[in-house]
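Presented as structure tokens, the chain that follows is alone, the form predicted alone.
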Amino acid sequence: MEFLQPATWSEALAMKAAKPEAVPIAGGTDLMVEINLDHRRPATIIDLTHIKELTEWGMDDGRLRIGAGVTYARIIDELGDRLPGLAMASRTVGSPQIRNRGTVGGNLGTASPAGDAHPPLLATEAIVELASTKGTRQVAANEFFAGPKKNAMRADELIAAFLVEPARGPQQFSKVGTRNAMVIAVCSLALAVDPKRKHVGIGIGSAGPTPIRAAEAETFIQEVLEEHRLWERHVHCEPSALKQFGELVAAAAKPIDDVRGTADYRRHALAVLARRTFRWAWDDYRKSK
């Protein structure tokens, strides 16, 4: 196994261009598990832990630009007020040791359907920034996931950052697992309420070959809120509308039966999570009046 350790971002991109098969490593919370279990043996690894730019975040034309090497722990501590949904999801990732090492960039690179960071990125319409020696391009999170553990990256690209607007309203994240902590999700759901745009975003995890955005459910609940002037009235949404909303979220999923749960259970759980997270977020919005 060849181990490469660039000192600069340009050097890292040059190494990736020269060896497209090279696998990047930052926190190592996914890759090292695969290596230790002998599930994967890359010929070349590029260590990105010395690249300062990947550990930085700041504002970029109204969006937060967060380096791919920013850890879950830092998202919780430094960005929890700006990205509450992603911070909630980050708190559910593994143990404190994993959160101190693991990164959203690594979660994106792995592209697991069960990645905890993915639903909040979908719900908030995040953008993934990819870079190579040829330049930089941006891909919407909704278009980034191409299949189970497959993404839209080209062979010579590395994930530089992700961009997302600071929350303009309440956000929620919830997941179902076989225990309360340190568990892969049976299914998960993120919801983001944006009063300024009168928009509700929904991201689903661990219930399909990729993370999923529930577009039809988003449109439905937005029409309900608009038709009944709930944005202005700050009153509760009718239970019948919430029931249909939950059903539409469940219908957007494409689950399978596996060792963690059945497809039917996942659909049922997602309908419940959709209703609950919307009620929690809407109550926060009503209290903000």
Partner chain sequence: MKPRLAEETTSGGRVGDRVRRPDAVQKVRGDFPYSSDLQVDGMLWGATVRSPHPYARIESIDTKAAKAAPGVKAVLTFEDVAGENAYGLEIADQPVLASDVVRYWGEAVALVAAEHPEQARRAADKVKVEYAVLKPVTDPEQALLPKAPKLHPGGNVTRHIKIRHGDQNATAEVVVTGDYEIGMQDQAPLGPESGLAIPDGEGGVDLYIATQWLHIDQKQLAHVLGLEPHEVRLTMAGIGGAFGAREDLSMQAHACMLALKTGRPVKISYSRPESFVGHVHRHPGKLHYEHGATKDGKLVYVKARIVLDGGAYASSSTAVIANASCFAVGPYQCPNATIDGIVAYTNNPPCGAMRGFGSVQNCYAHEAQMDKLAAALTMDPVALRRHNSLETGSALITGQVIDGPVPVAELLRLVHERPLPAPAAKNADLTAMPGGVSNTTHGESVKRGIGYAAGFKNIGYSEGFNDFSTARVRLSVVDGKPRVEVHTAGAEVGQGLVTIQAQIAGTELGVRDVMVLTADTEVGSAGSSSASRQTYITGGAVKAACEAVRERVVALAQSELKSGEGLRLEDENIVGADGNVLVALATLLGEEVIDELRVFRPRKTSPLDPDTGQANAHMQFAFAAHRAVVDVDTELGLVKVVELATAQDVGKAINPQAVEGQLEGGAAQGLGLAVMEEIQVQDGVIKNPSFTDYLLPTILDMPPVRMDILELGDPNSPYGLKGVGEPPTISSGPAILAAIRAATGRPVTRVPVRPHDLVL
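Positions refer to the first chain, counted from 1. Since the model is a prediction, treat every value here as computed from it, not as a measurement.
Same protein, other form: the form predicted in complex with its partner chain, not shown, and the subject of what follows.
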query	finding
Candidate stretches 33-41, 225-233, 240-248, 53-61, one within 4.5 Å of its partner chain in the predicted bound form by heavy atom	33-41
One residue of 79, 164, 176, 114 in contact with its partner chain, assessed in the predicted bound form (non-hydrogen atom, 4.5 angstroms)	176
Listed residue (139, 153, 215, 183) with a non-hydrogen atom within 4.5 angstroms of its partner chain in the predicted bound form	183
Contact test in the predicted bound form: residue 260 vs its partner chain, heavy atoms, 4.5 Å	yes
Partner proximity in the predicted bound form: residue 210 to its partner chain, non-hydrogen atom cutoff 4.5 Å	no
Contact of residue 13 with its partner chain in the predicted bound form (heavy atom, 4.5 Å)	no
Non-hydrogen atom contact residue 19 with its partner chain in the predicted bound form at 4.5 angstroms	no
Members of 251-284 lying within 4.5 angstroms of its partner chain, judged by heavy atom, in the predicted bound form	259, 260, 262, 264, 265, 268, 269, 272, 273, 275, 276, 280
